[in-house]
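In structure tokens, one chain follows: the form predicted alone.
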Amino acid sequence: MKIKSILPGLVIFLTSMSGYAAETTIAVASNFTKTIEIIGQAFEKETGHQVKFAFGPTGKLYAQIKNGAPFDAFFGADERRPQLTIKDGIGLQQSYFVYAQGQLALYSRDHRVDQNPIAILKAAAFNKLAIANPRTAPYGERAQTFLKQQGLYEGVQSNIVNGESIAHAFQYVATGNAELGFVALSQVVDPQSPIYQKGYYWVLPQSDYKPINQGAVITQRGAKNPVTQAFMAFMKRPQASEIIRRFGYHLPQSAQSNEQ
């Protein structure tokens, strides 16, 4: 596509603009918070331009964008909502790409879910099991579907507490308000997290749930902002890809091919 040949050069163009500083504001799914913050820092260091992030559940961010929220780009936790912005005439079709593939994990501070996850869920000997709201958060939807497919949902349904986002679901467990929770793998492998290496987690087999392909798109508002376009190009570079992998995400095949 034409946009692919233009975007990489924008980073160099922006860094060479003496005395010029600009910014972009991007809506980002909660699960990708720490990852994109670190990528943003690397981008700002290289270009001198600022990236502001607004975090939240994918469904809620989509609703805000549809209602006119001033975001230049949208990083969802699924493909459906970013693609809906294109259908709505808000997102630019030629800018769309899958930037990461998330992994779902079962996390607990006390229960050895790393050894007997299914047995622990079947026994339901816990008070609260946190998941993100399945109506607005893709990670929550995948967790609920997994429980139903494994025949576990009815046994734990009364124990489930919904977080507004995957970040809230994680906080329930990290603060002890829930004994277990389905979270994003990125949240439990973050070396800068205060709970790093505290507790236990089990990574659900990818074959047990539909892949969590996370899509990104530039909005009509961001189309006129060269910083937005430069940041999206930066997301496809090896430096950003290494950070994405470090936080427990898979890269889509297209991104891996671009690195070779």
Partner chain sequence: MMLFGSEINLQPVWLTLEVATYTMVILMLIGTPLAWKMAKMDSSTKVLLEALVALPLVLPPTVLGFYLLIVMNPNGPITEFLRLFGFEGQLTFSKTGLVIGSVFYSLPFAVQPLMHAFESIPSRLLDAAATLRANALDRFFTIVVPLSQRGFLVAATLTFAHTVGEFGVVLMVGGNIPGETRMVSIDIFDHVESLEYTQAHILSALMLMFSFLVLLLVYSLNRRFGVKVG
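Throughout, rigid core stands for the largest set of C-alpha atoms superposing within 1.5 Å between the two forms. Residue numbers count along the first chain shown, from 1. Just so you know, these numbers come straight off a predicted model, no measurement behind them.
Quick note: we don't show the form predicted in complex with the partner chain, though the next part is all about it.
A.B. asks: Just one of Leu152, Leu84, Val98, Val189 has a heavy atom within 4.5 Å of the partner chain in the predicted complex. Which one?
C.D. replies: The residue in contact is Leu84.
A.B. asks: Name the stretch: of 90-98, 144-152, 68-76, 120-128, exactly one has residues whose heavy atoms fall within 4.5 Å of the partner chain in the predicted complex.
C.D. replies: Selected stretch: 120-128.
A.B. asks: Does Asp114 reach the partner chain in the predicted complex if we count a contact as any heavy atom within 4.5 Å?
C.D. replies: No.
A.B. asks: Taking heavy atoms and a 4.5 Å cut-off, does Val156 contact the partner chain in the predicted complex?
C.D. replies: Residue-level check for Val156: no, no contact with the partner chain.
A.B. asks: Within 4.5 Å, heavy atoms only: does Tyr62 come near the partner chain in the predicted complex?
C.D. replies: Looking in the predicted complex, residue contacts with the partner chain include Tyr62, since a heavy atom lies within 4.5 Å.
A.B. asks: So, in the predicted complex, is Thr58 in contact with the partner chain at a 4.5 angstroms heavy atom limit?
C.D. replies: Heavy-atom contact with the partner chain at 4.5 Å: present for Thr58.
A.B. asks: From first to last in sequence, which residues of 123-140 have any non-hydrogen atom within 4.5 angstroms of the partner chain in the predicted complex?
C.D. replies: Read in sequence order, the residues that approach the partner chain (within 4.5 Å, in the predicted complex) are Asn127, Lys128, Asn133, Arg135, Thr136.
A.B. asks: Core aligned, does the CA of Leu61 move at least 2 Å between this form and the one not shown?
C.D. replies: Comparing the forms between this form and the one not shown, which are aligned on their rigid core, Leu61 does shift its C-alpha by 2 Å or more.
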